[in-house]
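Below, in structure tokens: the form predicted alone, a single chain.
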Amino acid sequence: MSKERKTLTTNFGAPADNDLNSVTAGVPGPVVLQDIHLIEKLAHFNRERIPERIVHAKGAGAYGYFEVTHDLTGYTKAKFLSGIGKRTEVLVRFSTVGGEKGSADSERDPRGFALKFYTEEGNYDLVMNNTPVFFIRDPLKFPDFIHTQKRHPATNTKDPDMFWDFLSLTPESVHQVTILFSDRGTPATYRNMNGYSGHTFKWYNDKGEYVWVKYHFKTEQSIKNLTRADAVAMAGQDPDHATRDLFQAIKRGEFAAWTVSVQIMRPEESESYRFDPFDITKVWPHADYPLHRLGRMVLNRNPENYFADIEQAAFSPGNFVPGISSSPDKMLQGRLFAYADAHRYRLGANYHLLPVNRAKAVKVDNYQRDGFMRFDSNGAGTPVYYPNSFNGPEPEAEAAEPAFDVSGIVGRHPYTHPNDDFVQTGELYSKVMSDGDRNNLIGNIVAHLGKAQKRIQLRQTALFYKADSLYGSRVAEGLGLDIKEVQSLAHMSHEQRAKATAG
């Protein structure tokens, strides 16, 4: 069967006469500057790579849909949640967090789980992880934390001292550290893990009533994790195994699916709850706030081109739709700025016009103009200012979210919630984990923490001991530490412990 012959062209459509030989002055040359085809190819090649993400650099993704299966319209007026059976197109990007773009999919790391809903009221993004908590609760610490997960400035290698020094000086991290060093820190595939918003969000209805919610995406493929040995072996055998698995499964017609639920807390309950409901280092125990089924997400379509659909995909927790907004969670507040700002750096001020990021089901109409790579009509001759009397877009007062009271002294306030950072970690270790989980957790910690300096080992092990005495004792035994020294540090204040183990 014959196929229509295609003509190779320059970027502006002119036919290229030859794509094997540069234009030269005689044989063998030199090459002449007038070879526009050569210059265009080389110049474009030099610019093919955009800056990789500072975090979540390596990822995989797919398209699919979200379908409402249960009616929760009493809590939110978001139209994409307005009726059972309603479907909304979604894009999902899974990722590792700390590694570079070429790192192995099986690295011990939280996994990113980002969603973009192409709703009729604009794009709504959920930027989640596969763990329900995070390492820190204040965005001021975030750059420092990420620096410790990267490479040492002198050796350009991952550094256990740097990694554990920060964590052992940040007690709030112990909950997430415990999850990370369990086998949940090395999921078998992206299809075999859950997703959690971690952050608390506000849902509000047409009456102006609001509640606080957390999202839970539960995999229908069952949870599967790799042991430390399996993860190390996989990194050598197939460092792209999770990326390949997602693509090949969808290609085979084995579509990945998750059931979606939310926890719901009323505003008056948040004021007296035993844990700070806006602290991302804590969970809301299901016994207190059970899951309410909301819907189902299915991934059924692979990207046509990875760069266009996944590398250029830009997610931000600040992309809301009416009926959903933010909460006083300090980490969330910081991310509302940081994510969109990162996209403007990586992709340019007009990243929202890229097909993968563009709102598909609603017209975008505002007064932002110009900038690099403006590839629509740039507003043509319509007004570029507001207010105006030339029929420009008007604000819609009904789009405002319900107000809530905030008062206090402006200043840098330390965290003072009465419930400490060790209760939930201790319950996770003693009540949730199985014996096998605990054995693997201890082995994983000892293998990694054992590479750090002894004073850092002591400080970190004291945090495990404060969460659960058996937990800390087993880590101490595995590292060959003096348990009495660990106990002594555990009973000190954070400041005293830091001073006692200073370098």
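We number the residues from 1 along the sequence you see. As the structure is a prediction and not an experimental result, all values here were calculated from the model.
The form predicted in complex with a small molecule exists for this protein as well; it is not shown, and the discussion that follows is about that form.
**Q** Is it true that 148, 458 and 461, all three, sit within 4.5 Å of the small molecule in the model of the complex, judged by heavy atoms?
**A** Contact check failed for every one of 148, 458 and 461.
**Q** Considering non-hydrogen atoms and a 4.5 Å limit, which listed residue (424, 123, 197, 316) is close to the small molecule in the model of the complex?
**A** Flagged contact: 424.
**Q** Have a look at 119, 357, 263, 170 for me and say which one sits with a heavy atom within 4.5 Å of the small molecule in the model of the complex.
**A** So the residue touching the small molecule in the model of the complex, by this definition, is 263.
**Q** Which one, 79 to 87, 158 to 166, 188 to 196, 231 to 239, holds residues whose non-hydrogen atoms are within 4.5 Å of the small molecule in the model of the complex?
**A** That would be 188 to 196.
**Q** Is there a heavy atom of residue 249 no more than 4.5 Å from a heavy atom of the small molecule in the model of the complex?
**A** Although the small molecule is absent here, residue 249 would stay clear of it in the model of the complex, with no heavy atoms inside 4.5 Å.
**Q** Might residue 328 be said to contact the small molecule in the model of the complex, defining contact as any heavy atom within 4.5 Å?
**A** No, no contact at 4.5 Å.
**Q** Would residue 175 count as a contact of the small molecule in the model of the complex, using a 4.5 angstroms cut-off between non-hydrogen atoms?
**A** Answer yes; at least one heavy atom of residue 175 falls within 4.5 Å of the small molecule in the model of the complex.
**Q** With the partner left out here, check for me: in the model of the complex, does some heavy atom of residue 283 sit within 4.5 Å of the small molecule?
**A** Yes, residue 283 is a contact residue.
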